[in-house]
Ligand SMILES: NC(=O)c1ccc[n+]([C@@H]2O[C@H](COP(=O)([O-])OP(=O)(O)OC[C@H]3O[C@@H](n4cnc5c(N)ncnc54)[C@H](OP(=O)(O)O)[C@@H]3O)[C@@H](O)[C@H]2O)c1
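In structure tokens, one chain follows: the form predicted on its own.
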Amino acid sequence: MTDKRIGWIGLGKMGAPMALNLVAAGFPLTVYNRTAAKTAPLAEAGAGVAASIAELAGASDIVFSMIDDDAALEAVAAEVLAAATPGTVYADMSTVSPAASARVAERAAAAEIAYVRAPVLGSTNFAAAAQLVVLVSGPEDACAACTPVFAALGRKIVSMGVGEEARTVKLVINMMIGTTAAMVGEALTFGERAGLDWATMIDVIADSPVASPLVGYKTQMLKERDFAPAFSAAQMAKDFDLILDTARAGDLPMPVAGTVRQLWSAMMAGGRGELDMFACVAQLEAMAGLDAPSEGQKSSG
């Protein structure tokens, strides 16, 4: 626990359950969200509600944000840094590019605000269960000040360095997750076309050398073809854009990531962008002309 005043900006799919966990853990929390209606559950749980980012930042010792993308980070950070008093800690937990994060770091230093980068590993289910892995980089003292909050949000905290290391490793992991989803979807479509039993094929994969925690976590979803989003294809498309933009800036070839990014585009064009990323199997089945069960329907196999 900490007696510091905590501000929280962003109550989306990840931010809302994370903020609720902080209230449940007893932190003195004030929240802000652009869509004010989303603050109601937090207010009912006991959090204070700020009318603006400036109000929140001016009344907080540590400000956390969990927001959508680079543009949102830079816009929110500008308001936080303008209103926060020197010595305040600003910790952003979003998935954004190292380049945008570095720009915020420069502005924070000029405003004498300690800036912590703390993206997380885990989907909405992990956020609700306070089982996230928090990747942390930034000034040592500021990271230490945030540790009690991070401990209430996740099962593990990993210190990465003092700069953009946490941002980069988050993109490394998401690139591997997205590529795994695409590979599994393509392999299942290959086996399905050959006439393999759907459920048996998935069970064999889950008990094979290519099994992983991710494949295990998605096994039942795939067997039941229930693609309610834990992490959507549209979200993964955003992250692959961050990956490819970062690589392009350094002339780093990314042939696999570039190809997988096209699959997310196909899913969004085909009306599957808001389904779980593992619904790519349905997209690939459609591209192969397979008459597969509809997304959300449970397979009888």
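For every residue, the number given is its place in the sequence shown, counted from 1. If you're wondering where the values come from, they're calculated on a predicted model, not measured in any experiment.
There is another form of this protein, the form predicted in complex with the named molecule, and it is not shown here; the text below is about that form.
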{"item": "Partner contact for residue 248 in the predicted bound form: the named molecule, 4.5 angstroms, heavy atom", "value": "no"}
{"item": "Distance check, residue 279 to the named molecule in the predicted bound form, heavy atom within 4.5 Å", "value": "no"}
{"item": "Touches the named molecule in the predicted bound form: residue 238 (any heavy atom, 4.5 Å)", "value": "yes"}
{"item": "In the predicted bound form, residue 157 touching the named molecule (heavy atom, 4.5 Å)", "value": "no"}
{"item": "Segment that reaches the named molecule in the predicted bound form - one of 206-214, 187-195, 81-89, 123-131, heavy atoms within 4.5 Å", "value": "123-131"}
{"item": "Contacting member of 67, 263, 31, 57, with respect to the named molecule in the predicted bound form [4.5 Å, heavy atom]", "value": "67"}
{"item": "Contact set, 182-196 vs the named molecule in the predicted bound form - heavy atom within 4.5 angstroms", "value": "none"}
